[in-house]
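Take a look at this single chain in structure tokens; it is the form predicted alone.
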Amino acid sequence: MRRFLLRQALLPDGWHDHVLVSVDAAGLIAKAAPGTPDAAATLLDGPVLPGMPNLHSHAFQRAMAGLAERSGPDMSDSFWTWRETMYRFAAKLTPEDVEAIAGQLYAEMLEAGFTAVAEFHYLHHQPGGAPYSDPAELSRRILAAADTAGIGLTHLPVLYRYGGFGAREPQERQRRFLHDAEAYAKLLQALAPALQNRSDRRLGIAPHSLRAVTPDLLREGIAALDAIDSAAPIHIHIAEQTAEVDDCLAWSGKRPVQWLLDQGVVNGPVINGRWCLVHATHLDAEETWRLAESKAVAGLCPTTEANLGDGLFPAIDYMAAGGRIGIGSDSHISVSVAEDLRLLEYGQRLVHRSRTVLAGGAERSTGRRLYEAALKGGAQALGQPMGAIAPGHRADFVLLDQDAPALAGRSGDMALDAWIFSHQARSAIRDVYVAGQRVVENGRHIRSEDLAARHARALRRLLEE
């Protein structure tokens, strides 16, 4: 049993000093006792936060960050034109590239305070669409990258079959993504043993979107997951673009979130605590209330949504109704817990021309409310025992650097607000632990040099082609 003494820690009931944490061999917290000094324990000398879940990631897209910022010939750029760049880039990637890019990304996530990630993984096959000799080859590369970096992983193989609502045929450049129900079930069965019996791993599924699956295929994908784990996470892109809402209305007569909320799958409602609806940007008032009532998590990716010009999620009304949220870095145009939480709040401030709009009440820390909401929703979305410094949760710790200029003289909520709402030229994170093991020391990942070198080799080859 390892012991850590947290000089100041954010526990489920607030900040406490001198928290003695006992961690078992599986990396889970056995005991967290405030006010218990212990000179023999490993000291984390500064404000300590639970590690943040990153609930939405397309790892390979980190390597194309910045490649879609040149305007098109008619200046009508949008998510749909950005997607053309993504298709071209994805077609070049080898298995070795996928592992190198993911390893570097996951190190960056840990340095930013994310201690687990939900990898929404839709790159499955060779460029022409033929399976690799091991159909799980690219998923195994993601697992290997997570092991090398030491980050928690919820792996979400994407179910993707069609090119649009109404079972439209996919485009040729989508061939790397595609599965039918039988092949997808075999993929899940092949991956399950590698993700079982570990506190830092979970297998789930990701029907890509209502554009990419039919209602029958959606049910078949969930049934394939239920045969392995009937409580496992289910994530789906939804209502990210107004064009998607319009197309769904034309197909079904309903808006995307409305349609999904109205469905039933197997023997229960399709929407429950297993589900994460990624983006859900364009909701009407009824959808906002119903989604909040559903106990599903809204997976918000503010920096990516801003980069793509998606729009703003109705966060004030949704959170006021008790809706659950988490954050993800998605396309990884930025990898920063603080920046995504800051932009979530600032987007609402700009729309409503007010301040501290997501604080949730009078005399409350905005940063703490957002951080705690994202911890809880993110842990639910990943289906992992994390998000709190408490017994039964994984020992994921983020130690803020009390010597960083932005945090000088600050503690508790004041330190948390300063980290989130003031830009720092240097990192305000000193050390990060996952399952009680240190993976970031003095702001740098412990394998940063090796991972960066592998990543640089991959990028040089990709960008020279």
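A residue's number is simply how far along the shown sequence it sits, counting from 1. Note that the structure is a prediction, hence the values are computed from the model and not measured.
The next section is about a form of this same protein that is not shown, the form predicted together with a small molecule.
- Under a 4.5 angstroms non-hydrogen atom cutoff, the small molecule in the predicted complex lacks Thr366 among its neighbouring residues.
- When the small molecule is considered in the predicted complex, Thr304 lines it closely, a heavy atom lying within 4.5 Å.
- Contact check for Glu240: a non-hydrogen atom falls within 4.5 Å of the small molecule in the predicted complex.
- Contact check for Arg430: no non-hydrogen atom falls within 4.5 Å of the small molecule in the predicted complex.
- With the partner omitted from this view, the residue of Leu277, Leu138, Val335, Leu308 that lies near the small molecule in the predicted complex is Leu308 [heavy atom within 4.5 Å].
- Interface residue among His282, His179, Arg211, His155 relative to the small molecule in the predicted complex, by the heavy atom within 4.5 Å criterion: Arg211.
- Shown alone, this chain has one stretch from 54 to 62, 392 to 400, 32 to 40, 409 to 417 that lies within 4.5 Å of the small molecule in the predicted complex by heavy atoms: 54 to 62.
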